Structure formats: C-alpha cells, structure tokens
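We begin with a single chain expressed as structure tokens, specifically the form predicted alone.
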Amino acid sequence: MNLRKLHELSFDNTYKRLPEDFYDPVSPAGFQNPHLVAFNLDAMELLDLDPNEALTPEFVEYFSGRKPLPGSEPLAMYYTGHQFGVYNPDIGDGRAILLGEVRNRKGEKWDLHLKGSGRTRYSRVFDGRAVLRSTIREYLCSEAMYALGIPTTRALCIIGSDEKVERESTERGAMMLRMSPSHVRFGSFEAFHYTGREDSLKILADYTISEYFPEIKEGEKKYRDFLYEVVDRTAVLAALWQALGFTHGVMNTDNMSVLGLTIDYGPFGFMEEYDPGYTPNHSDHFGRYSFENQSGIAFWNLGKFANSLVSIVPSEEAMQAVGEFKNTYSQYYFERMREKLGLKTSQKNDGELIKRLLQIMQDEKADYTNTFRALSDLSTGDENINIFKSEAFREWAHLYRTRLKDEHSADNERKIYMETVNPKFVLRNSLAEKAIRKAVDEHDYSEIERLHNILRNPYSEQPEYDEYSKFSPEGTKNLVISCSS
C-alpha cells in the first residue's frame, strides 16, 4: 500500500459544512522556532501517513500552526456544559482548533484537533495555549488507555517551542495533535438546548447519527435509539475506568463524548494505593469527581444530556433510556471484575467477594494494579501463599480458592488468562512526572518515547522494565495535580 505524504491527506470536512452557529472559523497562532518533541507511529498508520513525514520540516510547520495543512479548514467548535454541577454557557474550544477531518483508505474518519493553538472566540480571558507538561501527560495517557482497551481519543504528536506560557509558573508552550472520530460532546447538544435553538439541535442530532451511528435506522424512534446508544457506551466506558483503576478527574458534561470515548485528559490518575475517595484534581475540594463517584457522575451527566434532547425525545422515553445506565454499568463492571479474578461463571455472591477484596486492599493500602496482577499467581492447592498477611485476606483467599475449585479452574490456564486482563504497566503519575522533568528541565525527550513503548504493551511481562511496574515512591503515590498539568 502506498503511504501518503502530508499534502496528500484526504480531507472530508463534514463539520465545516454544518451551519455557521456550530463553530467559529479561526487559524492557529503559530509558534516561533517550533521543534518536534514526540510522534506516534501507530496514529500515523491510522491516517495512512508515511512515517518519514514526521522527520520533515513541513511536519513541524503544519502541526505548530505556522503553515496551513493542505485541505484543512480550521475552526473552533461551539459547545457549553455543566462544570462541577453548574451550567456554564461560555466555554467551547478555547485552546484547541479542529484543523479538519481526514478519511483513510478504510473510509474511517479522524478529526485532527490541535490543542494549545492559541486564542479563539471561546477563550474568554485565557491565552489558548498549552504547556509541555500537559501535552506530555495527554499524549502518553491517551495511548496508554488505547493499549489497555479503553475507548479513547488518540495522539499523533507533540510540538514544542521556546514560547513562554504563564501557569502556576512560567513554562514552555507546546501543542499536541489529538485524533478522534468525533469531538461532539454532551455539551454540544446542551449549547443549543439552553439557547432555544431546537432546529440547530435537531441538525446536530441528525448529523451525529448519520456520521457515527449508521446502525440506527431512520424513523420516529431514531433520536430515542441514539440516546440509548449513548447511555450504553457511557456505561461501558465508566465500568472500564473503574475496573482498571482510572480516575478522569474532570467529568464535566463538556468532557463527555457522545461516542463513549475518554476525552480531555487533565488531572487524571491511575489508582495506586487503593483509595475509593481518590481524586487527582487539586481543584476538586469536595471530591465530586473522585474514583468512587465516577459512575454516579456519569449517570448525572446523562440526565443532563437527555434533558438537552427534550425537543426531539419525549421526557418519559428519555428518562427510561437514562434509567438503563445503572443495569448496564453494573453488568459490565462485574463482568470485568470477574475476568480480573479469573472466574468463569457468574454467581450471586460475586459482588460480596469483590467488595471484600477491595476493602482489604484499602485497609492494606495496597497497589490496585499490582494486587490484581499478583492474584494470578495464587494456586488452588496451596493455602500458604498469600499476598497480604492479614487474617481478613487469609479468609478471603480461602473463599476465592474454594470458588476456583468449584469451577474446576486450572492454575496455569487461569494465570495466562488473568495476565491478559490485568495489566502490569499503567501510567502512574510518578512515571509521567519523570518523563516531564527530563523534557522540561533537560530538553531530553527520550523518556517520553521509552514510556510510550512500554505502555503500548501493558499486559506483557517486559522484565527489562520491571521498575516501571513498581509502587511509586512515598510522596508520589496518588498524586493530586492541576488542570493545566
């Protein structure tokens, strides 16, 4: 297959063909003296893009906003949303620009979304820039999430600069090229609902269904079916976050994708020392977006999304659709947790077995990822092998082994399977911080590439990188960070 050069990308800018109140045309504010920090071969493959293009001067010029990419039609998307439970009518793409939409040879469409590209109409008093540390964190985490099997946006590259950006301190600016099939959010619909533009809302619904939900048939129930699909995808996403110990940190409705993707990586965190109240966001003083609250917030957000569809979905039907969330979430969550424990069947006491284990992990201040990985080594025939020395764990392990014996579970087969669903490597904030410090302090980007390569295969042993799977040092576990991080 002939790979494409940058000027040969096949743009099909469907969002630009929507009415003018959906966006604001704007060009990126380019960096002076930009340079390449990192690029992702996997993402380039999604665009049928020749990897050698990343080594050309044009690559940096296009993705630093200095030069328009042929075929692109840049715009800032309009949306609003509920932020920390309060509706904010004044947001939208304030520091990101949709360059355009590229179709690959399979017919798949990918938005090219340039973050940190300067002020737009929706920037309010902010500068529209991003800093190097925040782009590194999103670049690494979105690709780590993909490798874990969690629906997510993707990342193509990071472009660095010498431009100074004021955050908690003065930092170097950077841009990241984010890729997604779509950037339509719950807040995209809220924007038109709360301003009484029912015609525009219906146009957005028709566009979204036509472009991204082709399985939904035309007819009087298509908007209801669309809502059911969004509810289902959101429930699956939230269950995966919980099962893999991920906390998003800012689950505002403008950060919720209608496609059920993880989007807008800010103060996220993978659970280390198990604490259901963990929130990685230093602005979240009341723990609204804590780990244990994520499913409840997803449900709350869906209620706001359903309310925004009131002009096209009758209220009773909308509430019935949202009501499906809890069953779908519970079913998928416990299915994943049974997989993590290597259980073949569903039994009525599963919930209690899982709950007791999590309580022990909390009491022991255990590492979430490593505990589940270690459970694959438990033998049904040896009562003396324990991960923790507590009596509570000894009793739990006895129940667990009894359950495995009832299922005629073979130790070797179970171990192999459990290691395909319990990762060895996740993006611990201390690992991200190490890559950030090298990049920011030393202009050394090698740790970004090394960490990316490790996280591309999170379920494999990779013994040469054992240190990357260990508990973070004291003082760096369950880090709390800012939205600009």
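Source: prediction; values computed, not measured. One rule holds for the numbers: they count along the sequence shown, beginning at 1.
Below: the form predicted in complex with ligand AMP, not depicted.
Residue 82 falls outside the set of residues with a heavy atom inside 4.5 Å of ligand AMP in the model of the complex. The closest non-hydrogen atom of residue 294 lies beyond 4.5 Å of ligand AMP in the model of the complex. Contact annotation for residue 255: at least one heavy atom lies within 4.5 Å of ligand AMP in the model of the complex. When contacts are judged by a 4.5 Å heavy atom cut-off, residue 126 counts as touching ligand AMP in the model of the complex. Just one of 183, 193, 95, 403 comes within 4.5 Å of ligand AMP in the model of the complex, counting any heavy atom, and that one is 95. A heavy atom within 4.5 Å of ligand AMP in the model of the complex is found for exactly one of 375, 312, 91, 353: 91. With the partner omitted here, the stretch from 331 to 339, 118 to 126, 361 to 369, 156 to 164 that lies within 4.5 Å of ligand AMP by heavy atoms in the model of the complex is 118 to 126.
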